[in-house]
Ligand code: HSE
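Encoded as structure tokens, the following chain is the form predicted on its own, with no partner shown.
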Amino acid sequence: MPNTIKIRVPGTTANCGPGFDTVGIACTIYNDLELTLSDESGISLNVTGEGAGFIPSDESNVVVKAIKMILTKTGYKAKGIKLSMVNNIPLARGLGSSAAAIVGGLVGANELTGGHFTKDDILNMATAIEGHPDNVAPAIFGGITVSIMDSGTANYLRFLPPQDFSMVAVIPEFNLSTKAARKVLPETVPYADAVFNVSRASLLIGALCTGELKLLSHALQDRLHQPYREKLIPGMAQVLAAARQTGALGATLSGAGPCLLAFATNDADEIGKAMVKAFNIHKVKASYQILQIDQQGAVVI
């Protein structure tokens, strides 16, 4: 068996408005990971791009945790772990950087130790580390995923929409941890808000499955998490409004934020520029990228 492998993992956007902790989309922005199971003791980490210089290179690194989970489950003996990472997915911005790291470590270690685990096994291991499947599922399978937890097991539906669209990801120059974004959420919500989200989440999946993208203006509405997280992101309401006013099908918070995402079939550049301008008005520097749906998920390269 080889002792070195390279894996490419897509970034992901989760929640997609009303699909809180459930809906995820794999995006055409990638992290590359080269893993070597070494005869030399210790952990060696080299990072290029996002996180260079401050990603931990010890047992606390989520990639290392993922690799060691595979090694423990297989009984594979490796003295050392060497990692080389090229990171393009922004850290702590709501584009699935931690999910990509976890999935990359699991997939790479699984390949190097004999490929004993299926993608479904990888999903459950990744969920155990990440805490929820909404980002790790599309990172593994590609496309759009709807994921649930049932009796401790992750179940998912994966599909591709019949009509293409772009995702305009506007990335502000500040981080927001998922932990901080979860802290502002209430323990309970009004019954009416729960019904509101059930209806929008149902419409969202229907619109994506059938290609009725004009319904996204309604289907991306949310009352479970975005109203509470808005105070953490200066200008969020105005940036989302700028996207819609410039022709977006709809716009939403990406994951826990602070990245904001617009769905579009036309005028993607104009939408991105308008959103960046709206952020700038609120003294927030930002940039944008136009992304498509990644159809493959994590792959050996």
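Predicted model, so just to flag it, every value in this text is computed and none were measured. From 1 onward, residues are counted along the sequence shown.
From this point on, the text means the form predicted together with this ligand, which you will not see here.
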Quiz item: If contact means any heavy atom within 4.5 Å, which of 148-156, 111-119, 75-83, 128-136 contacts this ligand in the predicted bound form?
Solution: 128-136
Quiz prompt | Candidate from Q221, T178, N124, S199 lying within 4.5 Å of this ligand in the predicted bound form - any heavy atom | solution = T178
Exercise. Quick one: from L249, A268, V64, A256, grab the residue that has a heavy atom within 4.5 Å of this ligand in the predicted bound form.
Key: A256
Quiz item: Does I25 reach this ligand in the predicted bound form if we count a contact as any heavy atom within 4.5 Å?
Solution: no
Quiz item: According to a 4.5 angstroms non-hydrogen atom cut-off, is V9 in contact with this ligand in the predicted bound form?
Solution: no
Quiz item: Taking heavy atoms and a 4.5 Å limit, what residues of 31-55 are near this ligand in the predicted bound form?
Solution: none
